[in-house]
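Shown next as structure tokens: one chain only, the form predicted on its own.
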Amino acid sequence: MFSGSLYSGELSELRKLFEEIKARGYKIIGPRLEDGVIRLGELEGFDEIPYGIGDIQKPGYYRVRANGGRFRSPLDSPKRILYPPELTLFRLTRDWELERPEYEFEATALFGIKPCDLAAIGIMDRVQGELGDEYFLKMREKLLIVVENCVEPSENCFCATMGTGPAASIGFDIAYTRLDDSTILFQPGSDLGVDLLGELTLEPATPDQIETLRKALLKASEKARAGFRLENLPDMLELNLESETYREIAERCLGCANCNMVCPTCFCFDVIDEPELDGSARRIRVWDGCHSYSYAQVAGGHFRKDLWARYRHWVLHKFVYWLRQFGSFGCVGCGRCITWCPAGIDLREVISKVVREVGEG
């Protein structure tokens, strides 16, 4: 996978890559420390990336630590950039004239995102992209992706089970790995990536460096696993639709939809009309979540009135229905839904328990 395509450089070359991308006119979005949380935001300089600051992620728990280590998936995912929480679809003037916004974007680079989020963009390509979301498609055309391979996954990560990490494989322009504080391995993934790396002072990675990378990624892969396997998982889940596990989880679940909001692939939305004081009005697309009570409520009643049924629907959509609709699972194993659940519900444990019940039945 890596032989012949890896190049080695010092940390200063990563800085130079950042500056070269910026010099070419790209708006750079990457991880930054803001109000005690690492999240994606616009970066003016390389030093804004919080290298040397780590985080601790556990079920229902998140803390940053300034005494070294590495940060994992930030609070925000690229979904917030490519598929914003609120989007004006059109505006109706007080004279009943329809005004549609023109979505135009400057060239944008996602710098230092994780492989799980890269995989989520690939899923969005098959959902928002193929379904013709104009905002998504126009921004996607201008997007440069620089991904950082993850050698220290968190306790909540299970990208290896989902096949989305810890190393990026396709869909990036450049991938890099920080072997240590001074050595960076670079891998081009597109012609543009090759061109950008040509501006750096790099050498072909040595066999020892490649072996160090292989061992680091193997160790990370062994850690970033869930307690279930993907083999026959959709069938196993459907065989136990009436599992008591969902009802037990509903005793803890708040129905807050935090998991939907932080998920890098959840795409459900609602459409609302918002009147303005000048007599005009806007029609707005806003994120929605299947855990919310109003999500499945219609004029004639409610499809999933019970919280346990809404939670079950979320699980089945990610691991059963998505596969049938779009050809892949709807989960990338980033662990955000576990970290940011105020009740500390662990999706991995829920799925494992439902699957075990099938074997015990």
Partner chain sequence: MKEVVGSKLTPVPAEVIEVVDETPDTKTFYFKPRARLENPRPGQFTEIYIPGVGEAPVSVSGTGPDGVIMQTVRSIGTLTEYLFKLEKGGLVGIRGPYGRGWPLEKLEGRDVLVIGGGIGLAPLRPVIKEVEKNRSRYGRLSILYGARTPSLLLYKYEFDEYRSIPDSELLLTVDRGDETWTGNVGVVTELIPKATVKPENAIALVCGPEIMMRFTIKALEREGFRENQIYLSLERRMKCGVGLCGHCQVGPYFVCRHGPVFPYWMIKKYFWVDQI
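Take the two forms, find the largest set of C-alpha atoms that superpose within 1.5 Å, and that set is the rigid core. Numbering follows the first chain given and starts at 1. What you see is a predicted model; the values in this text were computed from it and never measured.
Just so it is clear, the following notes concern the form predicted in complex with the partner chain, a form of the same protein that is not shown.
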property	result
Non-hydrogen atom contact Leu89 with the partner chain in the model of the complex at 4.5 angstroms	yes
Arg252 within 4.5 Å of the partner chain in the model of the complex, heavy atoms	no
4.5 Å heavy atom contact, Arg65 and the partner chain in the model of the complex	no
Non-hydrogen atom contact Glu203 with the partner chain in the model of the complex at 4.5 angstroms	no
Sole residue of Pro207, Pro85, Gly198, Pro275 within 4.5 Å of the partner chain in the model of the complex, by heavy atom	Pro275
Single option in Glu211, Glu244, Glu104, Asp181 placed near the partner chain in the model of the complex, where near means a heavy atom within 4.5 Å	Glu104
Which of 151-159, 218-226, 184-192, 133-141 sits within 4.5 Å of the partner chain in the model of the complex, heavy atom basis	133-141
Residues of 259-284 having any heavy atom within 4.5 Å of the partner chain in the model of the complex, listed in sequence order	Phe267, Cys268, Phe269, Asp270, Val271, Asp273, Pro275, Ala281, Arg283
Rigid core fit then Glu130 CA moved by 2 Å or more between this form and the one not shown	yes
C-alpha of Glu104 moved at least 2 Å between this form and the one not shown on rigid core	yes
